[in-house]
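The chain below stands alone, shown as structure tokens; this is the form predicted on its own.
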Amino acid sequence: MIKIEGNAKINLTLDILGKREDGYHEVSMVMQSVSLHDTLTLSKTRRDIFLKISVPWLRADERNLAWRAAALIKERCGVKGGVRINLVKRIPVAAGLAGGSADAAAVLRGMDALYDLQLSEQELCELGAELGSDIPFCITGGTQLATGRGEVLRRLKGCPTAWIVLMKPRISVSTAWAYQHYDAEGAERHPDNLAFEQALEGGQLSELPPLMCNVLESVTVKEHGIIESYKEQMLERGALAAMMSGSGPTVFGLVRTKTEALHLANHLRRQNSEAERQPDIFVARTAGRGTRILHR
């Protein structure tokens, strides 16, 4: 049996450079793992794949990325046996936090350990890229610059330790929809990833907030104004920065300490307690890895 964690990610920067011939968008973005995670337990079966998810309404069949990751390993590595996957979800769905990709990354690494396949990290990432652009990052994690369609990674100096308050409104945003509706002329500002990388080298958390930027806010915020409201609430209560992650709708606030993060989260819960649809709020910290085997 293998027990493994798959961490969520946030985008510290996100820029779109144009449309590719293969239909994807060319991106350049700094991604960061955070400690909010899903937990997966994998055990061998004779042949088939079985997936059980703690969220009953999520698809637990071949349409799920975790199931597809197991099937891909079986096919490419000639694994005759199957796997039973028990998935405990904590990362919210369709939130801009790569929850599905984190689960697929965990299954790839977990299957490698369960069947002693001895795949290299590069081989795992190549398999992951066939399923989704964020999966290679979710396998390796930490602080990385992602280019291409998001699967070309270069590790950066780790982000200074920080605490993150995540606030997800009770809406979902399709990544495909956000990219399809992106118009470069509609984005008032684009990130300077070189400057951001240099700021990381300096090692001072205070240097990062002025350089954080996500061009997809120009799409998602127009459709869901609550995102801007959440950002304002975080900044008013002292967050160093507040920004949407990925295609949204999750907003994250950056603070220095766990105490500050807990105070901010409690304030946000009180401030939004009478909302018709209260947001989901989580406290996490920056993390240096994507997947982590807990038990084998």
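Sequential numbering from 1, following the sequence displayed. Just so it is clear, the structure is predicted and the values come from calculations on it, not from any experiment.
What follows is about the form predicted together with adenosine-5'-triphosphate (ATP), which we do not show.
Proximity of Pro160, Leu208 and Met212 to adenosine-5'-triphosphate (ATP) in the model of the complex is absent: no residue of the three has a non-hydrogen atom within 4.5 angstroms.
When you look in the model of the complex, the only residue of Gly110, Gly128, Gly141, Gly100 with a non-hydrogen atom within 4.5 Å of adenosine-5'-triphosphate (ATP) is Gly100. Interface residue among Ala94, Val88, Ala187, Leu117 relative to adenosine-5'-triphosphate (ATP) in the model of the complex, by the heavy atom within 4.5 Å criterion: Ala94. With adenosine-5'-triphosphate (ATP) omitted here, the record of contacts in the model of the complex names 55-63 of 267-275, 231-239, 42-50, 55-63, defined by a heavy atom within 4.5 Å.
The shortest heavy atom separation between Thr175 and adenosine-5'-triphosphate (ATP) in the model of the complex is within 4.5 Å.
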